[in-house]
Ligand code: PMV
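First, one chain by itself in structure tokens, the form predicted on its own.
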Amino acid sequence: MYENPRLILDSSNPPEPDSVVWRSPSNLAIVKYWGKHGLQLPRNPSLSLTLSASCTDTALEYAFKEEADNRIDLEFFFHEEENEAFRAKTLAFLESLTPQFPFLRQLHLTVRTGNSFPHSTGIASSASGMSALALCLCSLEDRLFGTLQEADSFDTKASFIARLGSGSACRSIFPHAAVWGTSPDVPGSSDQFAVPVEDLLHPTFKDFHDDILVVSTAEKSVSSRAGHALMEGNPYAEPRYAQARTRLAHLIGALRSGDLETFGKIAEDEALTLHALMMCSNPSYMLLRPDTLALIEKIRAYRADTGHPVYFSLDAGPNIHLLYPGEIVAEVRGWIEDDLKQHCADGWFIQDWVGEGPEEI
């Protein structure tokens, strides 16, 4: 898909050195994607909220090579420092994309990237990072060849390319909310790329907050890539995929109607299901920490005591995503300061919210 061998630069009229820069957010899956097949294809559809403050800034600098060769020439900087491990991963990714972007072999490339949040701690840094890079590549193609002038075509290709780097990244391309994976409940949905579903959202969910309580900044003991692979031998895999499809249908109904209680129940059930799947993998592993469990208990108690619609979710890590509507932000932020911060690493939490999606900067 999207293979185009004609995207080759004219060496007699090479482009001037320049750069393209994108800021792309992370996203939080409410119905989780866990388990894949083929080339980064999901075993079940997922639905995510697009965040705002948790983002990656990526600059892609390019210059035409003076001497042609058949390799991709790449320098890589993460937070202004060379990073050979990330360079190797990015180089392998770019090499895999030469059917879609054959002109990459004609350029010297420099990637400069950085996150607004800690890497590899379960805040989906691959989603923001790979979506930012995919957007840069599509902007570069459009700048050099004028092939992605239509916004829908640009976004769909960017989502497709992002998916090849990280499955969840394909959802970060779109504002407010996105679905990735074929579902009869979402017209136009696909395993190949995500689709926007902001039109399905009740206004309540466009003003939703996700404050991330950073329980730990340590790198995860098991990567998400390895976790997905372990689903192949998980005895609960097939029932889980069926469960996710059912929950997605119910979640879409709640998002349309503004049903916070159903939304919250699905969000919490999905978070715990994700970690239960990790605990019953072979080998099993656990990413939750004692403070994660303490926070879950306090959230449930606070909801029962106050009646406020405050819920939790988790990604593949120990950090809590605290979900609630904007109308109670003052009360909830005060509660975080007074009671929940003590469970966070150095008292750190990230104030985040449902956002407008990526922006070129």
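Since this is a predicted model, take the numbers as computed values, not measurements. Each residue number is its position in the shown sequence, starting from 1.
Heads up, the form predicted together with this ligand isn't pictured, but that's what we're talking about next.
Chemist: With a cut-off of 4.5 Å between heavy atoms, is residue 168 one of the residues that contacts this ligand in the predicted complex?
Modeler: Although this ligand is absent here, residue 168 would touch it in the predicted complex, with heavy atoms inside 4.5 Å.
Chemist: Is residue 32 a contact residue for this ligand in the predicted complex, using a 4.5 Å heavy atom cut-off?
Modeler: The answer is yes: residue 32 has a heavy atom within 4.5 Å of this ligand.
Chemist: Does residue 228 reach this ligand in the predicted complex, with heavy atoms at most 4.5 Å apart?
Modeler: Looking in the predicted complex, residue contacts with this ligand include residue 228, since a heavy atom lies within 4.5 Å.
Chemist: At 4.5 Å between heavy atoms, is residue 237 in contact with this ligand in the predicted complex?
Modeler: Looking in the predicted complex, residue contacts with this ligand do not include residue 237, since no heavy atom lies within 4.5 Å.
Chemist: Out of the stretches listed (329 to 337, 299 to 307, 314 to 322, 65 to 73), which one is close to this ligand in the predicted complex, meaning heavy atoms within 4.5 Å?
Modeler: The contacting stretch here is 314 to 322.
Chemist: Which of 90, 113, 126, 159 has a heavy atom within 4.5 Å of this ligand in the predicted complex?
Modeler: Going through each option in turn, the one that passes is 126.
Chemist: Pick from 274, 201, 186, 109: which residue has any heavy atom within 4.5 angstroms of this ligand in the predicted complex?
Modeler: Comparing distances to this ligand in the predicted complex, the residue within 4.5 Å is 274.
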